[in-house]
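Take a look at this one chain, the form predicted alone, written out in structure tokens.
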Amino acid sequence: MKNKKLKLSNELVQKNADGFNESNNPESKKLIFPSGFLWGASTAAHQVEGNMKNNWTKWEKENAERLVKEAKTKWQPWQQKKFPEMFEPKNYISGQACDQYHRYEEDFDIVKKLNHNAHRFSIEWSRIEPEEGRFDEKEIKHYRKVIQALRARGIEPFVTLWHWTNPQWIEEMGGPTNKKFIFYFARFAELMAREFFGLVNFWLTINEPTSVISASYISGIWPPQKRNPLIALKVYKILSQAHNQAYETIHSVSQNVQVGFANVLVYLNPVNKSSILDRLTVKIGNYFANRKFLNMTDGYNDFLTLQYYFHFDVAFLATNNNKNEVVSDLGWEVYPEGIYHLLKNLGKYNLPIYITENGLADAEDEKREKFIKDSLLWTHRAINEGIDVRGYFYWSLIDNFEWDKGFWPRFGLVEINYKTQERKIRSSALEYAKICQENTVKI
């Protein structure tokens, strides 16, 4: 299967000539995207489904009080004032989350209403295989209904198999620090491919491997909180091999599906371009953050993905010198231009590209519309310059549980009232819906 490139349908690969000739600069008033472009949003099971039993749910309960205490120094005064819920232990426990396990049809009706033609979600491994070798038919049936509900609404499913959470039995054996993870994950991937044969065309094996490597094994802020660079290097190897094996097993079931992984990339720029040390720092950062995992999975991807949130102006021994003229509720710099540069870099691999996450925390919905349009402006510029981008998924469809930060960051196109579980479509979502419907961004 190595170096195999599968041919997508003519509908997906056909280019809209008018769209590509519309403009060669980011000042165009009307940007038309390629015919067959996929528009959607993304979610992850642990963040929206509720009532999980995995390594994260165990960790949340053990660390909620600590995270409350750390919030007093971790977040700026304006953030603490705006989001006082960060000082409540329950904020850090996923619990019922958005109850999407029971409300997925309601949410997919919203997806349809918002004119999305694709949707990315994840299957929770701990539901499917709660104990080693015991596969829960009830949960397999549940996810089959989820996929069929999307298909019934004319929405293309993008299915992620590992979005950071482990069944507890996998965690107890060391998670992705244990070579056995490769076998067990590939077996799980093969089972899902068999169970949902003919229903899923796009599989994403692993979500943001470098995020896990960094947060779990370098900074040590996520479970299992093991700060050890040698373990981090080991996890690079095991997760890349797990992806490669899953790629093979999925294709052993079906030659016609597309397999990749969800890849977060960081746009790094030297503060002083004439400084050898600044440029060297960027080069090292690019290798570990952006290139290493791609190199280790070379030949085992039918498409590439981009998940973009971060830009850093980098100086030697100082990795963040951003101007931060516009920031999200999390204090992350809003820098849409970075998506263009990262797409241009990915274009060198000569594979189709899907933007599978791109979003910001914005509880008041003041910046989201402009953020989406600006991000798509720079995406369109990359397409105009020959980069084969075939889809865009905003993160996230709905507000959700944001891991060690809990519920206060609001990324959703749809607002969630966590007390009543009421869904409320934000105005930015309606503007994005127009883009999806018209396949065009008007700026």
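Note that the structure is predicted; figures quoted are calculated from it, not measured. Residue numbers run from 1 along the displayed sequence.
Just so it is clear, the following notes concern the form predicted together with beta-D-fucopyranose, a form of the same protein that is not shown.
Q: Taking 4.5 angstroms as the cut-off for heavy atoms, does Asn166 touch beta-D-fucopyranose in the predicted complex?
A: Flag for Asn166 set to no.
Q: Contact between Trp403 and beta-D-fucopyranose in the predicted complex at 4.5 Å, heavy atoms?
A: Trp403: yes, in contact with beta-D-fucopyranose in the predicted complex.
Q: Could you confirm whether Asn290 comes within 4.5 Å of beta-D-fucopyranose in the predicted complex, counting heavy atoms only?
A: So Asn290 does not count as contacting beta-D-fucopyranose.
Q: I'd like to know whether Gln100 contacts beta-D-fucopyranose in the predicted complex, with contact meaning heavy atoms within 4.5 angstroms.
A: No, no contact at 4.5 Å.
Q: Please determine, with the chain shown alone, which of 79 to 87, 342 to 350, 157 to 165, 180 to 188 has non-hydrogen atoms within 4.5 Å of beta-D-fucopyranose in the predicted complex.
A: Correct option: 157 to 165.
Q: Counting non-hydrogen atoms within 4.5 angstroms of beta-D-fucopyranose in the predicted complex, say which of Glu208, Glu171, Asp302, Asp362 makes the cut.
A: When beta-D-fucopyranose is considered in the predicted complex, the option within 4.5 Å is Glu208.
Q: Only one of Gln307, Asn91, Asn117, Thr249 gets a heavy atom within 4.5 Å of beta-D-fucopyranose in the predicted complex. Which one?
A: Residue within 4.5 Å of the partner: Gln307.
Q: Where, within 378 to 396, is there a heavy atom within 4.5 Å of beta-D-fucopyranose in the predicted complex? Residue list please.
A: Sequence-ordered list has one entry, Trp395.
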